[in-house]
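The data below hold one chain only, encoded as structure tokens and taken in the form predicted on its own.
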Amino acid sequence: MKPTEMETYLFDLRGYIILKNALSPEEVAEINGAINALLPMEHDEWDGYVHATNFGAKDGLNLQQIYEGGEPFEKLIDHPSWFEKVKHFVGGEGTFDALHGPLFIDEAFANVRRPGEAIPLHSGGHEGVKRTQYLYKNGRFMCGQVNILIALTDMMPGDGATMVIPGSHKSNFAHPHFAQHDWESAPSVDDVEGAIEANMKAGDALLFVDAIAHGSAKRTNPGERRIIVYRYGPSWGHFRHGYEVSPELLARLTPQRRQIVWPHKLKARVPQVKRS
């Protein structure tokens, strides 16, 4: 389903919308079970084509290429709760941007975070990065990257919720916080002026343009914070971390899902030599 008028207004105004009950309790349970089957994993360890990584000592564990982890993750590639909305905001239909297909996922990961862990503030419209840009022009959205962040556990106060600075996707100036901290020394986003928690229940999803300044609160409650992020952009994009899709996954995906995870490969052509 395409975004409603109110969703369109709020996405343009704030840079994000929250999709309540995007996944059913059964879907959430199935996905958490599939993550349990992959864990435990350590940094730089592989389980098949799923790669465990982190960016630092305090941001939790990322399971990259999570759609390689089985059918529960494959279903998220074009899930009806958000797929048409993402297509609308990324834009490109009827233009050269859609040469290889409707969308491309340049990164897909699950994140598991425990007490004391968080990720600092990053991104923002002031950076002007084409890959993550927010753009509305000539009556259409043309956003470089639109993310779906799915809560697999509740993200209420104390749970380490994702935090955003509403409207910062259009900012011309960097938040003063960026001048005071580098990535390694930056704290969580709890005390950053203007940032708010995107509180969600398990099964809700946060749809946001990556140009918005975002990060997370520090988890203070016991237990784990679990999310999945799929980053969508135009079909001419390429993988953020240089991964490639496995032949096994390509063989079992539906045609639409294959086109979304690797549109470049599917459009490759072998030159035909005309014989005289």
Ligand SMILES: O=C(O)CCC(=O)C(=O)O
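Treat the numbers as computed from the prediction; the structure is a model and nothing was measured. Heads up: residue numbers just count along the shown sequence, starting at 1.
If you look for the form predicted together with this ligand, you will not find it shown, but the lines that follow are about it.
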Item to check | 4.5 Å heavy atom contact, Arg231 and this ligand in the predicted bound form | outcome: yes
Next on the checklist: Since only the chain is shown here, I'm wondering whether His122 would be in contact with this ligand in the predicted bound form (any heavy atom pair within 4.5 Å).
Outcome noted: yes
Checklist entry - Is Gly215 close enough to touch this ligand in the predicted bound form, meaning at least one heavy atom pair within 4.5 Å? => result yes
Checklist entry - Within a 4.5 Å heavy atom cut-off, is Lys85 in contact with this ligand in the predicted bound form? => result no
Checklist outcome for this item: Answer among 38-46, 207-215, 23-31, 246-254 for heavy atoms within 4.5 Å of this ligand in the predicted bound form: the stretch 207-215
Item to check | Within 4.5 Å of this ligand in the predicted bound form, all of Leu149, Thr162 and Arg225 (non-hydrogen atom) | outcome: yes
Item to check | Members of 15-52 lying within 4.5 angstroms of this ligand, judged by heavy atom, in the predicted bound form | outcome: none
